[in-house]
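Consider the single chain below, provided in structure tokens and representing the form predicted alone.
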């Protein structure tokens, strides 16, 4: 499948549907692109006007194995033929247990582990906090600048960016403390804290800050944080909702930091696009919540669990974490080759294929959200779907399917290069 743009973007049918949407869908649920999708396959999206795009958004990181992967679709169809949803809380089923067993063996956590499943990343984060509070008997939570942990009340309170995620939705959950996100250029300062560490149930950190701008934490900071948590009996939670499932070059990004968290939260690409999330952690921690204290009606839906088991097979069979490193190298090389003539490229950062391109005002060095928007608009009009990131909205992020073929990747990078040059 080749990129093909045969109408103005958005096309007439997309415009028609946009008008219908405006009349019937709450405007608070925005969309980055004005195109309506008819079908998707691999790394491509086809809109209702017949335009064909390469997908760098990947359902906001949910399609690491590609759209409509045949193994995932087959697993879903097989499960649908058996049953769709008896509810694990009512009558349990094998796919849930099989997935819990599989993931518990894979996570980079010391000792025996257990898992529990939910629907969204925000639910996973909230339940990780609940488990930590139950285990420690404490109420405090430590989070970081640039964090995104979700849109529900607890997760939104933990999230950093005010507009659009928190604006007008307060008051927020108390007992949340925040430090600067410890990147390579920002040290983790654990001195002169404005809170008592003995009141903290857990700290939640993204190994790569996703919505915050694809900022990797430093290995040194992760080691310091692990030592701090151990010293004060604080549960260390790695939020791998966006960085998990091969995106960073390993199945889980935490494998690259040389430390082991106590809990990991997963979602997004876990089930090939179906709603599923998980908390996985040390068995003693996971068992600290009372029966009925965690769970949910749709959590661990059997169709989603079957899809997730297929996703893990695809990860192994097609060596997608290794492929992420290959993709990331090509993206970096292409963008860095433009830096001499595009002074608005402020840098390239990330791990594996989780690459962020920083767009700045070349005169002041300040984040340039407007130029970033122009880059995205040009790319869309020429067949490349992207979504921005960053606390200041000035990060181009790459969330293409890891199954993308080299020729399609090269074509996409040509479009991206022209978009950056012509912005």
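Numbering follows the first chain given and starts at 1. What you see is a predicted model, and the numbers here were worked out from it, not measured in a lab.
The same protein also has a form predicted in complex with a small molecule, omitted here; what follows describes it.
Participant: Taking 4.5 angstroms as the cut-off for heavy atoms, does residue 272 touch the small molecule in the predicted complex?
Facilitator: No, residue 272 sits far enough from the small molecule in the predicted complex that none of its heavy atoms falls within 4.5 Å.
Participant: Please tell me whether any heavy atom belonging to residue 242 falls inside 4.5 Å of a heavy atom of the small molecule, as the geometry stands in the predicted complex.
Facilitator: Heavy-atom contact with the small molecule at 4.5 Å: present for residue 242.
Participant: Any chance residue 148 has a heavy atom within 4.5 Å of the small molecule in the predicted complex?
Facilitator: Judged by the heavy-atom cut-off of 4.5 Å, residue 148 is in contact with the small molecule in the predicted complex.
Participant: Residue 325: heavy atom within 4.5 Å of the small molecule in the predicted complex?
Facilitator: No, residue 325 stays farther than 4.5 Å from the small molecule in the predicted complex.
Participant: Which is the contacting stretch out of 137-145, 91-99, 298-306, 119-127, given heavy atoms within 4.5 Å of the small molecule in the predicted complex?
Facilitator: Heavy-atom contact with the partner occurs in 119-127.
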